[in-house]
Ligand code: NAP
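For reference, the chain that follows is the form predicted alone, supplied as structure tokens.
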């Protein structure tokens, strides 16, 4: 451990540009001698952000070998897993190797943990990619990562599959924040409702809106629609392309008695869905963008262009207590846990 000045936010590992914080930096020092205020993790799995994974998959034509090389190239160039197109990262699953004396909390070597901060700010060094799981946005690796003293993390619970927990913790902020937005009787539109964060938001919105509420799900994948339908939490499930805002607008109004909704939630992993999220929301309502594929300039200018007086909220992956909240949501719904286990589980 060196005697260089250490920053609680990790700026001591920023190489370029000087003075930046790690998330905004173009390159981090990912050399693994650990500093006093850091924790070193032996990484087993990267849970890549959905928007990032989709972009990489499309850029590589779905070729796993090309995808693996693209991921290795990104990490070699940047010292972290931050997609240069989407700007997003993801999070990781691993085992604590070493804990610095100034690292807060009670982590200890041997703990199985998931990080709750983005890979876009986490120093990472990959030795080998073992497998890419195309259907769940996960990459098994032999790698090492560094967590700064301000980085949040969670122990993997003993009562659920570790990859189920990883998948849920990756989007833990979504359902926890929805819980604070949805009121009894609200009409709620969830765009991308059949995806990972979408099903969590759908279950939570149903609980908060109650029997008098109207939960409207927008999906694109027919198989995922059937899986969402089996959960029994949505009043209406619409199949539509969210890049076609007027089509979405008409279908949502038809599902809500001709009225605009109180709240829309965007958890879609493709770009150009901002207006489909904005148009169906009433004045004074809430628009919540949790997707990293969102262009916030398009959202702001688009809302202005249609004279929307709704409040727009940028989804923050962190909410106090969000890890326990989301894991308990899985525990409390056997149907939801079974769906996550089907999609993301497995000790391979």
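The model shown is predicted, which means the values in this text are computed figures rather than measured ones. Positions refer to the first chain, counted from 1.
As for the form predicted in complex with the ligand, it is not shown, yet the points below apply to it.
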| item | value |
| --- | --- |
| Per-stretch contact check against the ligand in the predicted bound form, the hit in 287-295, 25-33, 62-70, 38-46 (non-hydrogen atom, 4.5 angstroms) | 287-295 |
| Of 156, 242, 181, 209, the one that lies within 4.5 Å of the ligand in the predicted bound form (heavy atoms) | 242 |
| Single option in 139, 119, 216, 267 placed near the ligand in the predicted bound form, where near means a heavy atom within 4.5 Å | 267 |
| Touches the ligand in the predicted bound form: residue 197 (any heavy atom, 4.5 Å) | yes |
| Residue 192, heavy atom within 4.5 angstroms of the ligand in the predicted bound form | yes |
| 4.5 Å heavy atom contact, residue 170 to the ligand in the predicted bound form | yes |
| Residue 227, heavy atom within 4.5 angstroms of the ligand in the predicted bound form | no |
| Contacts with the ligand in the predicted bound form, stretch 305-333 (heavy atom within 4.5 Å) | 315, 316, 317 |
